[in-house]
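What follows is one chain in structure tokens, specifically the form predicted on its own.
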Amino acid sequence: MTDHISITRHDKGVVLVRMNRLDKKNALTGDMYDAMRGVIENAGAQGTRAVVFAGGPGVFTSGNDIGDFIARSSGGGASPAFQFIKALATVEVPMIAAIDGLAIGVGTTMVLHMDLAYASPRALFRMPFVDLGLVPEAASSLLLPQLAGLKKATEYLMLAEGFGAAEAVGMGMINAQVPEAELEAKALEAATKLASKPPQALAHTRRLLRGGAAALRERMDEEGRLFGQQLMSDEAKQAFMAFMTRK
């Protein structure tokens, strides 16, 4: 467990997972990924009926902690980041996101897997994978064109253009733009409503809406293979070095 992820249990089996590393703009470490994955993988055994993901004021997450990610990825095997991403495709309870401010990299791609999502007017979504010499992850190369269309997905994934809450509402990536002061309450209210419904009917409906997970897992595996290749490439090493030097 890590102090950078807080887990709060609310009534009716609602769990609030908060990324809490604000001094680093909620950059995600392996321990943080493991803590979040544990919540969704153990939801059934722990009586969890819905999970809300939130960050702090002005920042959902700035994405991977680059230094931690490189160190863990070079050790071989599946990194905590990819284990968390794969868990998103198989979780069986509703997930809701409350996004305030920065949502970079996985901060955007994880939202594609949420059942409901709400963002503040200052939310900024961006996926700079290509800029870092990498490829998309979390099946975003499959899910984003389905939502936004091929041309806009190309803009977001290849040009790495950012976009705000209004644009995210327009493409159906989030449900609504909500003022900062009301954002978390809105997400918890939605989670409580879902958690209060007949669980079996809700679970069946959720599976029907989302379709089979096989295509998601297949795309995640393909992305992961290419991601691993690119991570070892000269262009990725140069991009990471430039990023760390700027930092």
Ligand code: COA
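Quick caveat: nothing in here was measured; it's all calculated off a predicted structure. Each residue number is its position in the shown sequence, starting from 1.
One more form of this protein exists, namely the form predicted in complex with the named molecule; it is left out here, but the text below deals with it.
Contact annotation: Gly101 falls outside 4.5 Å of the named molecule in the predicted bound form, judged by heavy atom distances.
Although the partner is absent here, Ala27 lies within 4.5 Å of the named molecule in the predicted bound form, judged by heavy atoms. In the predicted bound form, the named molecule sits within 4.5 Å of a heavy atom belonging to Pro128. The shortest heavy atom separation between Leu157 and the named molecule in the predicted bound form exceeds 4.5 Å. Proximity to the named molecule in the predicted bound form, taken as heavy atoms within 4.5 Å, picks out 129-137 from the listed stretches 129-137, 113-121, 85-93, 159-167.
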